[in-house]
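Only one chain is given next, in structure tokens, and it is the form predicted on its own.
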């Protein structure tokens, strides 16, 4: 499902060159739930961003579900990302001016072939899955942190992605809410979704199929 081959990423300013990723090789099978751990600055989020086509490697190849994404144009990459990937971030990234239902429905507005009626139906189904059907008309400012993350998960799954990439999805939540979010992700994984999750929490990582540990831009 995911194959990263000899990935290098160098960030360069006028005076400083920083190697964020150093010859990273990683294969993740369809249906796996993989956690990525390591100290701050070790390259975890950079690796996730490259996997999710939010960034490009300086060197190396990325294959997602059999597609060599390096050869895609910006428009093709955006379309592929929208159809194949779902993203969950630590800080939710909900749009304050949109209510819950509109936030969830947003990715489908950029998907060809989905009518407004179908988009609304899928969005309501996604919110039901995260147990927020009663909050459709609320705005992010009216929700708790845990509820905002549930909305973010609903938005991530509304397009029925094959892969979910989660960057510290429980990082801004207390332990109880964090456990609830993890249980949601585990349920999605049991349904067949491949999940890659960056986390600092050993207890959460223990619940996943496999833990990849990073240090100084390398997989240990």
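Just so it is clear, the structure is predicted and the values come from calculations on it, not from any experiment. Numbering follows the first chain given and starts at 1.
Just so it is clear, the following notes concern the form predicted together with a small molecule, a form of the same protein that is not shown.
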(message) Can you pick out, from 34, 26, 42, 173, the residue that has a heavy atom within 4.5 Å of the small molecule in the predicted bound form?
(response) 42
(message) Checking a candidate spot here: are 13, 168 and 200 all in contact with the small molecule in the predicted bound form (at least one heavy atom each within 4.5 Å)?
(response) yes
(request) Sort through 44-52, 183-191, 26-34, 150-158 and report the only stretch with a non-hydrogen atom within 4.5 Å of the small molecule in the predicted bound form. (result) 44-52
(message) Quick check on residue 20: any heavy atom within 4.5 Å of the small molecule in the predicted bound form?
(response) yes
